[in-house]
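A single chain, nothing else alongside it, follows as structure tokens in the form predicted on its own.
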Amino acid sequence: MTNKTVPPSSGEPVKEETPDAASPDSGTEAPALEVSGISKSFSQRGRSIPVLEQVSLTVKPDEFVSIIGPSGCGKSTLFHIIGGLVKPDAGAVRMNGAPVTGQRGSVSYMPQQPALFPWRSIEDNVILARELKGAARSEAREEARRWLAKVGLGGFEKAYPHMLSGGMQQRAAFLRALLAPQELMLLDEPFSALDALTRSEMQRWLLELWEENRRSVLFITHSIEEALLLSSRIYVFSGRPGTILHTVDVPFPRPRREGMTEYPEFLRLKRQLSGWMREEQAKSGPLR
């Protein structure tokens, strides 16, 4: 299957305020993440079920990249391979130029659910990744308190997860991932369980926070609007076995504004992506 790169349309002039791509001087800098030719099958009742087929993608340093595709196309499996939880049948994973295929502890990961430990306070949940890496507890707590105040959770440091709303729990979980020492963040549909209003608020919050403290991010979402709003580039996956059908460079300037969702070019790209997704979902059959 040919991987097509979709350039910006010339119909809507775009002036880039802060370019997403690396400058010419940093053109030789190794990608934060490079996935090359990843394939994976699982055995089920004596049959081999192909899940991923020759997937290759990159995330540059400080770049926000999204993956969209039908349910069951192997997106989460790809995350497990990048994180070293699952070994691929073929292909390789490199981070900052170094091979890390099958190695754990190289990424910061945020799953669909907040996954906060109920017996730990919000503050203790946020510092968990740094604790595991051996950071001084007092120093980690001090940094966590500064960030909790910045993300609207000041005063909830000693609260427990059940005392917070869903959106507040997601903020704490994202902050835990943000403060982890690993440079690359994997976000696996982190807002999928939220209601529409809270999800919209979280999108704006994440966009503002990422603009302020850029990290290399690979983001899975089923929301096309969310992908266009947040991303520099979008990889469109086929149905299972997942392979990359299209690569879309998102042309909008940063910092992103909420009003951009009404741009003619935004609406054009949204229609195009929606059409591709409908085609693939139709091939894949009913949602599973």
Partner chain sequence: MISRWKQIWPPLVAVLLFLALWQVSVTWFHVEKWMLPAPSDIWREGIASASSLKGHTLATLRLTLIGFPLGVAVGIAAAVLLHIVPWSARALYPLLILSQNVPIIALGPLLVIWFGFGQLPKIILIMLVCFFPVAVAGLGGLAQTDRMMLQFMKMAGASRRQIFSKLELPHALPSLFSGIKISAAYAVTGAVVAELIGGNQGLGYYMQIQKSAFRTDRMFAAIILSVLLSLLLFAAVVLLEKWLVRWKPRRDAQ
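Positions refer to the first chain, counted from 1. This is a predicted model, so every value here is computed, not measured.
Just so it is clear, the following notes concern the form predicted together with its partner chain, a form of the same protein that is not shown.
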Next on the checklist: Is residue 92 near its partner chain? Define near as a heavy atom within 4.5 Å, in the model of the complex.
Outcome noted: no
Next on the checklist: My question is simply whether residue 115 lines the interface with its partner chain in the model of the complex - judged by any non-hydrogen atom within 4.5 Å.
Outcome noted: yes
Checklist entry - Contact between residue 104 and its partner chain in the model of the complex at 4.5 Å, heavy atoms? => result yes
Next on the checklist: Taking any heavy atom pair closer than or equal to 4.5 Å as contact, tell me whether residue 80 reaches its partner chain in the model of the complex.
Outcome noted: yes
Checklist entry - in the model of the complex, which of the listed residues (98, 132, 197, 149) lies with a heavy atom within 4.5 Å of its partner chain? => result 132
Checklist entry - Non-hydrogen atoms within 4.5 angstroms of its partner chain in the model of the complex: do 111, 119 and 182 all have one? => result yes
Checklist entry - 120 to 128, 211 to 219, 197 to 205, 149 to 157: which one contacts its partner chain in the model of the complex at 4.5 Å, heavy atom to heavy atom? => result 120 to 128
